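Taking the form predicted on its own, here's one chain by itself in structure tokens.
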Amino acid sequence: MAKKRVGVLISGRGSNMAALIEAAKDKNYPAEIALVLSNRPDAGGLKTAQAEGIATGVVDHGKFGKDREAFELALQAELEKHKIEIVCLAGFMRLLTPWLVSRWPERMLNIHPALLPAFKGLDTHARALEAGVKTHGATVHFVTPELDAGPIVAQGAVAVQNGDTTDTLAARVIKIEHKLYPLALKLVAEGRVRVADGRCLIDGVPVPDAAQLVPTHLN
């Protein structure tokens, strides 16, 4: 089966992008990272991708002012030019409009540093500590027009420890992210994920509990 062509959208250093690139080096992985696209010309992740021989592009949002439609038309054109089949957002710091999202139904993934539906939006680690939760983590979900609200593909959890700071908690969560995103992309690329009644089913069964980071039946 041909590997799915994946485009990764970044705004910064792209640590999750790097994790996807590393996973895709496995000859048995069902997806290839065919394009890394950034809205910032100075994004550090672009050099990482170029060093791996991956095509890169920049659609600088600053050049479009407040014209989000023109910016997204340019993004879509780049994705189409490279024949992208699945889009992965990896620290892409632009809100997308329903127009672009609707072009990628169940083919656009995002990773969020919290156990959704808790702590949507920014500053998730600080908010988790402030709320006093005992469990925190990361979520990969399909992108829908509503922020951080799409069907959950995979979750991974970490225990919040006494004395945790935003930095120590973030350091543990990012390790989860780097395992979780390649797993979720693998499942989607293999066609094993479908959405029913707003929830993801994997091989016909509900998404596993977040505490099981890499359930054995998904390996």
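What you are looking at is a predicted structure, and each value in this text was computed from that prediction instead of being measured. A residue's number is simply how far along the shown sequence it sits, counting from 1.
Another form, the form predicted together with a small molecule, is not on view; read the next lines as being about it.
For the options A128, V87, A90, L96, the one in contact with the small molecule in the predicted complex, meaning a heavy atom within 4.5 Å, is A90. The small molecule in the predicted complex comes within 4.5 Å of a heavy atom belonging to I111. When the small molecule is considered in the predicted complex, E177 lines it closely, a heavy atom lying within 4.5 Å. Just one listed stretch, out of 23-31, 169-177, 52-60, 183-191, contacts the small molecule in the predicted complex at the 4.5 Å heavy atom level, and that stretch is 169-177.
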